[in-house]
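In structure tokens, one chain follows: the form predicted on its own.
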């Protein structure tokens, strides 16, 4: 597929210069670009690569002298990473799913498919499921009974969506995701060691576990519009009320969302984030990779947690946190600097103990 410089500039809402009718087949790094490719040199440090490549056109930083760089055409952008979002959206082909229903797919007669859907090989769609218009569902996806999915969904191969899940429009789901599986909720007939330890803050744990009984998930999952979920992530069903994910929220790969969790709008949960059951997360929250969130706590709007943070208690709105346990970022940085000084401090203490006589000893 070919794109003119004018088309690309329009997609980026940026200004194009030179031979805007020139067309390219794709984009790459400046030094590797052929004559049919668009060079990505959106920072002056990448300009040197243009001379080693063969690109006739490039995306450049705002204010760049594109003619001095020997180009026939250029697009100038103010925010490179945002420009990449528009460029990749324009050029991404996505999975090749033929329109209509593949002969090997199994669609229950009571299921409803919107206009223009594309259902790939070996897809299974259960009773009374409703799939919106323009949905594209790749191979080996299973969608259970009474699921509702809005318009323009893109569901990659191997996804499992369990019964009664509700999903809004423009949903993107990467391979291997499971939505609506039972939550991890078990209980013992008598008070367990875990309950005792938690209640006593670890000072008492005399009980003996006598086997675990499952608390089944009667709720399901509700997902808003424009939500994306990364590969091999899992969103558990609620115990009674649904687990919820708000509009515009994005989950990276290998994210675990426990039962009854409520996530607000336009949040970002990066790789290997784990959110334990019944926690409430506000709007526009960002959790860095490997952040762990305890159960039954509240995280306010606009919180940012640095990578590998462990959030064990309530976080007020607007706070930036880091560490284990998570604390204000500036406090954690100061504390970590002090931790690194501990060996030297202990040496100083030992030296002082040697120099100061103990009680009862002569000078």
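For the two forms, the rigid core is made up of the largest set of C-alpha atoms that agree within 1.5 Å on superposition. Numbering follows the first chain given and starts at 1. All values reported here derive from a predicted model rather than from experimental measurement.
The form predicted together with a further copy of the same chain exists for this protein as well; it is not shown, and the discussion that follows is about that form.
Using a 4.5 Å cutoff between non-hydrogen atoms, residue 322 counts as a contact of a further copy of the same chain in the predicted bound form. At the 4.5 Å threshold, heavy atoms of residue 67 stay clear of a further copy of the same chain in the predicted bound form, well away from it. Among heavy atoms of residue 109, none comes within 4.5 Å of a further copy of the same chain in the predicted bound form.
Although the partner is absent here, residue 307 is a contact residue: one of its heavy atoms lies within 4.5 angstroms of a further copy of the same chain in the predicted bound form. With the partner omitted from this view, the residue of 148, 101, 122, 280 that lies near a further copy of the same chain in the predicted bound form is 122 [heavy atom within 4.5 Å]. Taking a further copy of the same chain as it sits in the predicted bound form, the stretch 77 to 110 comes within 4.5 angstroms of it through a non-hydrogen atom at 79, 81, 82, 84, 85, 88, 89, 91, 92, 93, 94, 95, 96, 102, 104, 106. With the core held fixed, the Cα of residue 350 is displaced between the shown form and the other one by 2 Å or more.
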